[in-house]
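Here's a solo chain for you in structure tokens, the form predicted alone.
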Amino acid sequence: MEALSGFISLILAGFQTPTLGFLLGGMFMAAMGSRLNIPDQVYKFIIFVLLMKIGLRGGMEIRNANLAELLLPAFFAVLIGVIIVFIGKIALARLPGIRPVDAIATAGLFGAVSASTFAAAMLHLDDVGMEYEAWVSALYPFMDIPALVLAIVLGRLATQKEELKSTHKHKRKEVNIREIVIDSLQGSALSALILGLLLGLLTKPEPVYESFYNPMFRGFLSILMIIMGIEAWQRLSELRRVAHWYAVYAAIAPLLHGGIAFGFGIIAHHLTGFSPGGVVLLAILAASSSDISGPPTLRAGIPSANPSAFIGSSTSIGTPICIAIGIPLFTELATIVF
């Protein structure tokens, strides 16, 4: 009973956190018909600063870390991203009213990673005093890129299959995986994160990190949450026009994916000493759904997929559930298990 009451308290506290509060505030403003508009260039600048901060911190810690401890969690991150895409593809594609290509795009978005949710999880662990390896941020691309690449490859194959059925042809075009990987790495979000990692690893950016990136992090994250809240409400109205199964999937997927990653994290803990906080962050990486790198990458990579389905389910349902329930749930689970 004490564990249950403690978890309920954490859930209620989660709804009062600034991160979720600003997200819900953005949704409320959009629901009230507010004309509040934050320019796209401001949004892109905020994303750049947040990812640079995460990358710089990860790079600085990797510089001093034992790489042997990083290898197993990195391998698990790749494996988890791939598993999530296949789970979503198989589960969603079998439901009525869902096109295979839309199922794959949705699975790819949930397999990829949300930088804002990950940042919120790190702040939460800092607030509750749960320690974690700072190089955990380096796991971001290990999960994000394989999930997006796999989704695009499967999505293009599904699109070709639909086209061949409609035209009664039997010859498939070759899917260039190398090109897809390069396109993913050249995306603005991953480019910023990788740049931060390299600068943190190869230079000594501590002065600029402590004077600019670290102090500005919470403020910029709160603005990003407002922007995401506005988009979440807009996408929610679009989501109503497509199959309601997306809403069911988006409600279940964050906790299911996070639970799978938590299990892998326990294995890493016993084999390499991966910290409880690191296990929680690995779970949140899996529980989150991409809000930065994923949408533009999947729009370009699978143009035949319906953005209202995969972005709507992620932004409107998946992200709030991950922040409000997933973060406190896996934090409390870590205190019980470890």
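Residue positions are given as counts along the sequence shown, with the first one as 1. Everything numeric here is computed off the predicted structure, so don't read it as measured data.
The following text describes the form predicted together with another copy of the chain, which does not appear among the structures shown.
For the three marked residues, 245, 328 and 334, no heavy atom of any sits within 4.5 Å of another copy of the chain in the predicted complex. 199 is the sole member of 236, 199, 255, 153 with a non-hydrogen atom lying within 4.5 angstroms of another copy of the chain in the predicted complex. Site annotation in the predicted complex: the residue of 250, 119, 192, 125 reaching within 4.5 Å of another copy of the chain with a heavy atom is 192. The partner is not drawn, yet in the predicted complex one stretch among 259-267, 139-147, 85-93, 223-231 has residues with heavy atoms inside 4.5 Å of another copy of the chain: 223-231. Looking at residue 65, you'd find every heavy atom of it more than 4.5 angstroms from another copy of the chain in the predicted complex. Another copy of the chain is not shown here, but in the predicted complex it comes within 4.5 Å of a heavy atom of residue 207.
Taking the partner from elsewhere, residue 71 is found to have every heavy atom lying beyond 4.5 Å of another copy of the chain in the predicted complex. Not displayed here, another copy of the chain is approached by residue 52 to within 4.5 Å at the level of heavy atoms in the predicted complex.
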